[in-house]
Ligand SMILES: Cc1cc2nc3c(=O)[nH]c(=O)nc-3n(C[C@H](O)[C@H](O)[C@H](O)COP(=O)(O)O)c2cc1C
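Next up: a single chain in structure tokens, the form predicted alone.
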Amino acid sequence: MIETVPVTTGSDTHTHSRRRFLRQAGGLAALTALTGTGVLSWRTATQGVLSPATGPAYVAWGQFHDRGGQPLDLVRAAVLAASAHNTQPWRFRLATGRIDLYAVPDRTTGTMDQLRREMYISLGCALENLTLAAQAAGLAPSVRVTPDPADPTLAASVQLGSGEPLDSLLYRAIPDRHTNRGPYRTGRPVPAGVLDEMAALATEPDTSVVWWTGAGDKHTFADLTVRATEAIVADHAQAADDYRWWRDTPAAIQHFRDGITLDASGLPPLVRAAGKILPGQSRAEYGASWIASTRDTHVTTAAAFGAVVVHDPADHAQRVRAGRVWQRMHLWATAHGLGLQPLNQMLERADRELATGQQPVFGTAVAALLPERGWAPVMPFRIGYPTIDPLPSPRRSAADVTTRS
């Protein structure tokens, strides 16, 4: 059933459905039609239609530039890292000459990340940003990953020293890196030399990068991704845990300062604006939209697919290191005009199968994707040349996620 909401102007009552309206009308036509109903005049003020990605939930992006070489400045860079579903599952403890990075297990996607693979990869992304910021400040970071076997929430400890500042290309890309969920430019492959350069960034122990560039391999990857998305949406628990991180109102965005938003969805500006004006999506509509965008945009327009791989996907340290590689690659791609987007659905289903004792349908299919034994993917993704500039996602500030010992 399609959710509808009546909109009254004068003596007329109009019922609009976001999904049906956006399907039947282009962005400009949608905005023109809604202007005639009077909806635009009041919803633009309350839904952030004309000023996307603004307000207190986005202040952290500007704070990156407030550099003073202090430990909190390094955390300001770290909180801008990628994280699964923008859950930001991190906490930082500042001590004299050291920063400890902790997992916050409550900030996970539940059955969508049942083995906590994505949580540790997200922590690795934050660690990479923090390390780059420490290098830029001349603080000569020394990193220990999962240093305390008795405390699995301690993802890393970073000892700070002194050295020559290293203001790298990757560091400068931190405030511009955003997940690009929009369509990529079809007919423009990413040169093999570029893919080789990106793969060479996997310098962390027990990590590597695999690419799928041939037509047959891309079709297999795409088909598996779409089928996994459909399976997630059909799984009541996974669908509910996924939808829990959807923020579709300004109030929710400013309150939580996390999650997935319409601004970061990769839609064209006018269609995105029309989507804000219309009533929000139900969970069923949200799932249907995700399947459609995965099938019709994400896998269809990808120039290639890739994955960060490790030897032991259950090892927390290898997951954290894989996260560092993913963040490094994403920063490099940002600096070189490329778009990246995680496509974790196949692993979210494989992990769910393993955690619940189901037949390893997706687990077997994922293993068959890899050309070499001894490696397992922990971060599948797509790559291409973007057609839309991505917008930032909301962020909790460094002060919100930091304690002092």
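From 1 onward, residues are counted along the sequence shown. Just so it is clear, the model here is predicted, and its values are computed rather than measured.
Unshown form predicted in complex with this ligand; subsequent notes refer to it.
Heavy atoms of Gln63 never reach within 4.5 Å of this ligand in the model of the complex, leaving it off the interface. Met379 belongs to the set of residues with a heavy atom inside 4.5 Å of this ligand in the model of the complex. The closest non-hydrogen atom of Leu127 lies beyond 4.5 Å of this ligand in the model of the complex. In the model of the complex, this ligand stays beyond 4.5 Å of every heavy atom belonging to Leu347.
Here the chain stands alone, but in the model of the complex its contact with this ligand, taken as any heavy atom within 4.5 Å, falls in 82-90 among 274-282, 147-155, 69-77, 82-90.
Contact with this ligand in the model of the complex, defined as a heavy atom within 4.5 Å, is made by none of Thr111, Asp241 and Arg247. In terms of contact with this ligand in the model of the complex, the residue from Arg328, Arg257, His316, Arg181 that brings a heavy atom within 4.5 Å is Arg181.
Of the residues in 114-135, those that come within 4.5 Å of this ligand in the model of the complex through at least one heavy atom are, in sequence order, Glu118, Ile121, Ser122, Cys125.
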